[in-house]
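Next up: a single chain in structure tokens, the form predicted on its own.
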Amino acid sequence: MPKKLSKLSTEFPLQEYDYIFCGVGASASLVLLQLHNHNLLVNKHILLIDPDNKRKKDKTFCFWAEEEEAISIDLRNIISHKWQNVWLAEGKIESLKPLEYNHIASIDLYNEVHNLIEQYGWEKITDSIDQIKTDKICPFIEINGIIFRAKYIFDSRPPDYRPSFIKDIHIFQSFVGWLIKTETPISNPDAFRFMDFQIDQQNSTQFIYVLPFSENTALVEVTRFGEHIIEEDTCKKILEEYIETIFGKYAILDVETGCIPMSNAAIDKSNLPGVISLGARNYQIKPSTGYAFKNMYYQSRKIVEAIKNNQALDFVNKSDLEIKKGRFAFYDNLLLDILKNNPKKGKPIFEALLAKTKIKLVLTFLDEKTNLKHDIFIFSQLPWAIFIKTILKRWFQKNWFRPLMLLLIAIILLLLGNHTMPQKYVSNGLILGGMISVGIPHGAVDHLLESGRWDRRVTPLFIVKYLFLAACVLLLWFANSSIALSFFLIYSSWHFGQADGKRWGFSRGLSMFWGSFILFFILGTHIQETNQILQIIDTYKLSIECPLWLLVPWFGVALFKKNVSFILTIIWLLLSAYLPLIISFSLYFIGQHSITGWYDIKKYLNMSNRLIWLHSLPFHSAAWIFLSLFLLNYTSTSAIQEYDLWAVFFIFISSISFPHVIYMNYVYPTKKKMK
């Protein structure tokens, strides 16, 4: 019988096993069955740990394979049903041969493991594990002061995904299924329904899945691909209408619910020696479909083959970089992006796929066994516009794309000639457009950052606090411009370094150093223009010119990190030293800093670009109004020159940016805040 931790005797301070399984779901069960089939469990000490006793059916496992394929042969005793035909749209029946679609009830798989427990006398603890550790000896876990060691620990606990890039997608395949008994016989009980999209999509991608087990019983399941998990109440109405329309009167025999992650994000895990990740924790779920069972089976065969040959098992652990390579990962990423950001397009894509492509080819494609010629044919049958749009969007999101564009802009502006009318018109247009689209707006949603909620309303208290902080900086300029300037340079260095440092994985100290360097480089390579503006603000003068060779160490860091984005940034910064100061600073402030901050805010608030911009409008508009009043007040008292305008703009920006820097610490938290 499984043992509760509270009943474990402290008389055994050290427990040693050959294998410990943390989690005894499908992936672990398949490994155990493979080990048993190859006679590799004799005289092995095994410990199973799972918070559930696995005594009831909680899942349905399905896979397609040929009858003589290894998975079909090895699991034939627990395959409860199989279909050789599929029911498609408009009642069309299509053969799967030589493939078969197989069904396994989870309880049948679990019972196989229970039989092994009885046969070998293994220990099983019904509890959960928070952490797996390792030392110089081997991996181990500690529960209530008791240490359990093993040569290998197989870890199939539910994974924690950590989306770290704007292009990372994490959605869910959630479902509710009813096992029903019908009063009238089911037509075509030897054909399963793969995907029926003739239901309300509810701003997601939803379909019905039907597995008939006899002339009067079937599993009818509604499945959603989307950001939000489908609720049982929502499913009830959909299932009632669908079943009554298709099958007539019925009775519900059982209810099945579940949720599978569909993600291309990295999994938060430590690759410790001797700890082997299984199942979802080892990227066995296909991101675009949620299918995993077949992958888990073949992973179990790799493990057993290595054990038979006395090989180390660590090669089994996949890395997040590994699963993002190859053309099928590219296809998965495209579909995930569409399902998340254009969910209404999911239905026409899948309907076109099933209507124009033979189902056997579709399943071969999902198994990632098609060639490029097959792939081109399949995609040629689909609505191509949304795929082109998504490819372009994801291309724009590449880390190296933006610095490449900034490099091209710098080259174009240099070719137009410094201080020429064409350069002036083009640069002023870019600066004005950039400030309106992202420069000011990225700092105009600070009222949302404190709560991290996009639906938060602006409170009078927030406005008072924000204006008070901005006014303090403005008053400091009037009281002592030298102190105000120094203060501005310090918090700007911190703020610029935060955004770039997170993007490139810098430490906090290196981020601050980079932010300081950026300001010194831009100002110091334009020392004459910088001093013209400084003399309008104060008598302070920058006396040290920044040599271009100071970029060389940073270029070395970029090469060492193999960071293409960083390398391109260094190159366009070098070229910007030959452009006028205002253009050089604007390229960095708008093209680098503001857009980086915008993406980080977008991720923090989980908002679309459109929503962020709309939410920024009140403060965005107010900023331009205050700036206009600021300039009107200044121009009414003195003759205005171009550098006078930039000096006034500089003081204004420094005042309104101070509270923004403070609130951005919610997006870029310190370690103390993260605890």
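Residue numbers here begin at 1 and follow the sequence given. Everything numeric in this text was worked out from a predicted model, so none of it was measured.
As for the form predicted together with a small molecule, it is not shown, yet the points below apply to it.
Novice: Using a 4.5 Å heavy atom cut-off, which stretch among 256 to 264, 356 to 364, 520 to 528, 420 to 428 contacts the small molecule in the model of the complex?
Specialist: Stretch with heavy atoms near the partner: 256 to 264.
Novice: Classify residue 22 as contacting or not contacting the small molecule in the model of the complex by the rule of any non-hydrogen atom within 4.5 angstroms, answering yes or no.
Specialist: Taking the distances in the model of the complex, the answer for residue 22 is yes, it comes within 4.5 Å of the small molecule.
Novice: Taking the small molecule as it sits in the model of the complex, is residue 59 in contact with it (heavy atom to heavy atom, 4.5 Å or less)?
Specialist: Contact with the small molecule, yes.
Novice: So, residue 79 and the small molecule: in the model of the complex, are they within 4.5 Å at any heavy atom pair?
Specialist: Answer no; every heavy atom of residue 79 is more than 4.5 Å from the small molecule in the model of the complex.
Novice: Even though the small molecule is not shown here, does residue 235 get within 4.5 Å of it in the model of the complex, heavy atoms only?
Specialist: It does not: once the small molecule is placed as it appears in the model of the complex, residue 235 has no heavy atom within 4.5 Å of it.
Novice: What is the one choice in 193, 593, 495, 157 with a heavy atom within 4.5 Å of the small molecule in the model of the complex?
Specialist: It is 157.
Novice: Heavy atom within 4.5 Å of the small molecule in the model of the complex: which of 291, 462, 477, 506?
Specialist: Contact check passes for 291.
Novice: Kindly indicate whether 52, 127 and 279 are, all three, within 4.5 angstroms of the small molecule in the model of the complex, using heavy atoms.
Specialist: So, yes: the whole triplet contacts the small molecule.
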